[in-house]
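A single chain, nothing else alongside it, follows as structure tokens in the form predicted on its own.
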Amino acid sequence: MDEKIIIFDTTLRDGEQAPGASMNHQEKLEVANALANLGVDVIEAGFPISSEGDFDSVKSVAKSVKGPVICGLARAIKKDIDAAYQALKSAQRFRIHVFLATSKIHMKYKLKKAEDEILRLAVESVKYARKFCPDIEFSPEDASRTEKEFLFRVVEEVIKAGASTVNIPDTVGYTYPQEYGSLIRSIKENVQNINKAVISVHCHNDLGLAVANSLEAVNNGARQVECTINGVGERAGNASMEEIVMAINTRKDIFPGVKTGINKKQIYKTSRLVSKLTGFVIAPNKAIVGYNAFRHESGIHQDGVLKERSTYEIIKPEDVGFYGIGLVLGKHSGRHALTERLKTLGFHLEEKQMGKAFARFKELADKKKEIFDDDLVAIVEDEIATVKPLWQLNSFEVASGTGVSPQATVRLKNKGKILTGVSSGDGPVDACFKAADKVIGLKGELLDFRLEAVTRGKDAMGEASLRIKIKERIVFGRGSSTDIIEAALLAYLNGVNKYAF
């Protein structure tokens, strides 16, 4: 019988630490529920001591999300462990994840402590955490650069103290596959009580080797992999969950006797959700979930795929929930047809949400001859957004052209009232944003703006994504429409509404 590889997802903790990727309370809960549907084994929901907001988010996930073990991070400090317990205690199952740096460079420059003191703190923190729950994970931070003999001592002693999982992080993405696999193997061979704990790995992607290192660790005895959706995370990111899962699933010859419990058909949908909420656009050539991952332009490739898909595709798109851009519906299609197609795409909407989505679909169908799956996904993602629409777009008008100073009139709806703002700008989008600012009474500084076509054709929906700074806070917004200026305005208002809540 195949051994299960435990998938420990840290999108909500390490992933959210990526600059610009922060999510609000409701967005974190939405991602956590998606991860539960995906079938992850452990959700690291956050770092409770780090802020009141993080504490509340972890507490909400622990209370609401069923299925996975809910985990909270803590330094080897009693107040951190106390906070983690208080945030996690309402969960069906929870884990406290304690970490302490063990490499010489961290001990000398960051902690300013000797090996004996580090060992004492590690053991004491695990013993203290065990008072609150039996599921304790310990991470010797920067393990891949730690002196091996000291690492063996630390791992052995924290297992004696009660750690049931020992994580071996490649914190700065320094190691390479053969070296890292050898480290995992040497831990198995030199730590006497290692059979009493699960070996976990947590790899960063600074050298582009996070997935390769994680997979090599699996082949050398690691049975938990810590990863994130789309590989989001600090600096160059973390090991990508979808790549790890599909590599194990696809190459049974390389990974015999192991499996994951991931519902692969939920991968693409979850990937899009995380991209939408973090504002990190997925590169078209991203493995497994990129827009081009299952598309073929070369005539030779197209001919081969048409004759036999396996000539150029080692994974079926539908295996990861990717349904491409196939034409599915038109303006004469009814509510039932839309409902069934959305179910195929993995969406099960409530009656009220379905009503709004159908209205948006009909509105779009009047503008477009062809409605593609990605059009439908964009509609649904807008309708099930967790941000309350305090400010809604009523209408806008723009005067612009060569030699003309762009001017915009924007009408916004707020609590039943229609308010109007007029402004000029460097371009039509800038003018619209400034007009909206006059109505809202806030000034947003645009930090980043991107526009992409959701589907093909001249009438394709445009999806705008942006980051704006309002006072000292940076928020992300996204909006979609067949009119790119409207998409930009919707994205701007989405960001403003996030700031308001």
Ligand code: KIV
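All residue numbers are counted from 1 along the displayed sequence. Here the structure is a predicted model, which means the values were calculated and not measured.
Another form exists, predicted together with the named molecule; not displayed. Remarks below refer to it.
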> Out of the stretches listed (349-357, 258-266, 413-421, 94-102), which one is close to the named molecule in the predicted complex, meaning heavy atoms within 4.5 Å?
Replying inline: 94-102
>> By the heavy atom within 4.5 Å rule, which residue out of 73, 210, 277, 229 makes contact with the named molecule in the predicted complex?
In response: 73
> Looking at 167, 240, 270, 146, which is the one with a non-hydrogen atom within 4.5 Å of the named molecule in the predicted complex?
Replying inline: 167
>> Within 4.5 Å, heavy atoms only: does residue 486 come near the named molecule in the predicted complex?
In response: no
> in the predicted complex, does residue 171 have a heavy atom within 4.5 Å of the named molecule?
Replying inline: yes
> So in the predicted complex, does any heavy atom of residue 156 sit within 4.5 Å of the named molecule?
Replying inline: no
>> Given that the named molecule is not shown alongside this chain, does residue 139 nevertheless sit within 4.5 Å of it in the predicted complex, heavy atom to heavy atom?
In response: yes
> Across 188-206, which residues bring a heavy atom to within 4.5 Å of the named molecule in the predicted complex?
Replying inline: 202, 204
